[in-house]
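Listed next as structure tokens is one chain, alone, in the form predicted alone.
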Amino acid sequence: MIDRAFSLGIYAIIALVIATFGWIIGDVIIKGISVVSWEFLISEPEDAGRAGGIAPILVSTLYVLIIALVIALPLGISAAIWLAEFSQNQSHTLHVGIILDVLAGVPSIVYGLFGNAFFCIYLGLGYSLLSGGLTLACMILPVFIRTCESGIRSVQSDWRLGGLALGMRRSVVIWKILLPAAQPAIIAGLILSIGRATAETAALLFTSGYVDRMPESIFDSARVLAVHIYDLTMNVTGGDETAYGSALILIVLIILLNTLAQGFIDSWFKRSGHYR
């Protein structure tokens, strides 16, 4: 009876989570599907966003995301490898891990204030896509590093010893054996990073800006989708309908980017001839 009750409780919780998720997604689809069209995707906003489309907003979102990932991915994987494989001081590694955990829990608006003070003012980048991308890179790095580090640490020691026994250099063991074995963790970290970066609002309010025109370079101020949705909902009277359409596009964009990221990682490992 206890086992059955426990199982029933687990299924009930799962059903509640799925129902809540379905309710949110369904509400966005029902209220936003009438707005979404090809014209909505390729035209510029008009009348403070009440009319027109979101073409510049989409381009700005992709710009910021690409900048963040180009900086965060190599730094994150390198830091994870160092923490998991090369750091000899366990106390030092523990302290670094605690710092990363604290940074992962820092509110995004704090990162926004830091990005504004450091990138926009101190480095003189101003409100720009580059400032927003660099700020997002700082924000997603802690989660990405810890996820990749956990994946690398979870690989059995026999794999490392087997590679070294075959005469492989340590760098080859890491590149050809450990990273492919930690591929699920790397993909999970990448998906979490993409989701947080794409849906970020507070940090980008202080760094990338509010401008809704088409950016000409990464040094231009621009508005991303999450900021656009926030502005339409909070500051524009009559902008709720367009906000729902933008929210639906944001959800689809996150799903598409996550799928592409997973496919890219899989194909990259296969092309590189990594063992799996």
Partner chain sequence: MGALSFVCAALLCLILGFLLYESWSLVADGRWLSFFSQTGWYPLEGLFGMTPMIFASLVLTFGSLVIALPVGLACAIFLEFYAKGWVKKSFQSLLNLLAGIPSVVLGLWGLTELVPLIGQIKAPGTSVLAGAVVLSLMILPTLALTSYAALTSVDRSILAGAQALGLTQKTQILAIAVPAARSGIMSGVLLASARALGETMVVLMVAGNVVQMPSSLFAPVRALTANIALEMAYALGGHRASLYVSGLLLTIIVWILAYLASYLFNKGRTVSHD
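Residue numbers count along the first chain shown, from 1. By rigid core we mean the largest C-alpha set that fits within 1.5 Å across both forms. Keep in mind it's a predicted model, so treat the numbers as computed, not measured.
Although not depicted, the form predicted together with its partner chain is the subject of the following passage.
Undergrad: If the cut-off is 4.5 angstroms on heavy atoms, which of these, 46, 216, 39, 27, is the one near its partner chain in the predicted bound form?
TA: Checking each option against its partner chain in the predicted bound form, the one that comes within 4.5 Å is 27.
Undergrad: Can you pick out, from 191, 164, 96, 172, the residue that has a heavy atom within 4.5 Å of its partner chain in the predicted bound form?
TA: When its partner chain is considered in the predicted bound form, the option within 4.5 Å is 96.
Undergrad: So in the predicted bound form, is its partner chain close enough to residue 147 to count as touching (4.5 Å, heavy atoms)?
TA: Contact with its partner chain, no.
Undergrad: Looking in the predicted bound form, any heavy atom of residue 23 within 4.5 Å of its partner chain?
TA: Residue-level check for residue 23: yes, a contact with its partner chain.
Undergrad: Counting only non-hydrogen atoms and a 4.5 angstroms cut-off, does residue 264 reach its partner chain in the predicted bound form?
TA: Judged by the heavy-atom cut-off of 4.5 Å, residue 264 is well away from its partner chain in the predicted bound form.
Undergrad: Just checking whether residue 168 would be counted as a contact of its partner chain in the predicted bound form - the rule being heavy atoms within 4.5 angstroms.
TA: Judged by the heavy-atom cut-off of 4.5 Å, residue 168 is well away from its partner chain in the predicted bound form.
Undergrad: Looking at 62 to 70, 48 to 56, 232 to 240, 216 to 224, which stretch has residues with any non-hydrogen atom within 4.5 Å of its partner chain in the predicted bound form?
TA: Partner-contacting stretch among the options: 232 to 240.
Undergrad: For the heavy atom contacts within 4.5 Å of its partner chain in the predicted bound form, list the residues of 84 to 107 involved, in sequence order.
TA: Going through 84 to 107 in order - heavy atoms within 4.5 Å of its partner chain in the predicted bound form - the hits are 86, 92, 96, 99, 100, 102, 103, 105, 106, 107.
Undergrad: Core superposed first: is there a CA shift of 2 Å or greater at residue 17 between the shown form and the other one?
TA: Yes, because once the rigid core is superposed, the C-alpha of residue 17 moves 2 Å or more between the shown form and the other one.
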